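The chain that follows stands alone, in the form predicted on its own, written as structure tokens.
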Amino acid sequence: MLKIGIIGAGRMGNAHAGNLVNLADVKLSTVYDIDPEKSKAFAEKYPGIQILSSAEEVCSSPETDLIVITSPTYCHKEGLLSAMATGKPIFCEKPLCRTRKELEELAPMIRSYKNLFAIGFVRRYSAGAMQLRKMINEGKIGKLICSSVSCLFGGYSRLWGDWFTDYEKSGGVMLDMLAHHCDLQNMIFGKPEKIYAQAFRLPKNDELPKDYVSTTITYSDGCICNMECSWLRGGPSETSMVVYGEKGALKYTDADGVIFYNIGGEATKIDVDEGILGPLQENISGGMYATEIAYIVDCVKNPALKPYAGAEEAIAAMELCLGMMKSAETGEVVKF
């Protein structure tokens, strides 16, 4: 029986717990949240779990085998330091941390960590993203040229006082939302060369919180990626990514999966349900979050398996996000 300790009983803590309880030989054993009411509600929802008084207690408890960190971004460092002190397997939600100083402290530690370290880049565990990567690697669209990412949320409802609306705590859309797509762009294009961004950065003089970024990344092979992301209170909510090559283009959306466009512009929908996820497709339901946490559990049980996103992916995405944030803050092009 694999016993799970959860640090952070909010939205993502509940999301992962809801999938973990559906797995065989897994038990939710310990939980801590800075807000005692959230821990209490969590324990009522998942009877038998033990409420502890700190992240350190969750990590060091003999009732914790796998440490799952789902606390707010600005609290990740606390959980990670407590977790790494135990040497136990760690799964940490994205992004890795909030600041450059925290990254410089944590990067060498997670790189040298002797046990499992996995970061929550859940889109790597989606069938659509895996199909997209497979087709690119097989040369379906030839030499890559550029890409376009749109990650828009028109139904933002959070109010001032929520940590998500505090740029110093969440990093806004540049860190909280685009961390996933920064990771995917790195996965596809490799090493970034420079970045330029313009962003609202959750201006505090607004009556209601809003955020938006438009950014351009140039990769070392000359490929250019344009991304826009929003937390706004009107308009569409949609996520899409288009990768262009010399032989055509591939579009990936949550709603439509993967679509191939040939040189003439003709569109062909790609069937991604062809075993791209292997045995997990047969045994796991609940979408990419369920697939992700099930695979992490498998990695703990079978050390020969490696997470789709670990230390290097966590660090690379942080570097790109922090570069974007620095550019938006200074108005300058940031080089890597």
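Since we're looking at a predicted model, the values are computed, not measured. Don't overthink the numbering: it's just position in the shown sequence, from 1.
Same protein, other form: the form predicted in complex with a small molecule, not shown, and the subject of what follows.
Report the stretch among 43 to 51, 63 to 71, 264 to 272, 303 to 311 that approaches the small molecule in the predicted bound form to within 4.5 Å, counting heavy atoms only. Of the options, only 63 to 71 has residues within 4.5 Å of the partner.
In the predicted bound form, the residue from Ala328, Ala316, Leu322, Met12 that sits within 4.5 Å of the small molecule by heavy atoms: It is Met12 that has a heavy atom within 4.5 Å of the partner.
In the predicted bound form, the one of Arg201, His181, His76, Lys251 near the small molecule [non-hydrogen atom within 4.5 angstroms]: Going through each option in turn, the one that passes is His76.
So in the predicted bound form, is the small molecule close enough to Arg98 to count as touching (4.5 Å, heavy atoms)? Contact check for Arg98: no, nothing within 4.5 Å of the small molecule in the predicted bound form.
In the predicted bound form, does Met130 come within 4.5 Å of the small molecule, counting heavy atoms only? Looking in the predicted bound form, residue contacts with the small molecule do not include Met130, since no heavy atom lies within 4.5 Å.
In the predicted bound form, is there a heavy atom of the small molecule that lies within 4.5 Å of any heavy atom of Tyr196, even though the partner is absent here? Tyr196: no, not in contact with the small molecule in the predicted bound form.
Heavy atoms within 4.5 Å of the small molecule in the predicted bound form: does Phe164 have any? Yes, contact at 4.5 Å.
Taking Phe117, Ile188 and Asp298 as a possible spot, do all three reach the small molecule in the predicted bound form with a heavy atom inside 4.5 Å? Result no, not one residue of the spot touches the small molecule.
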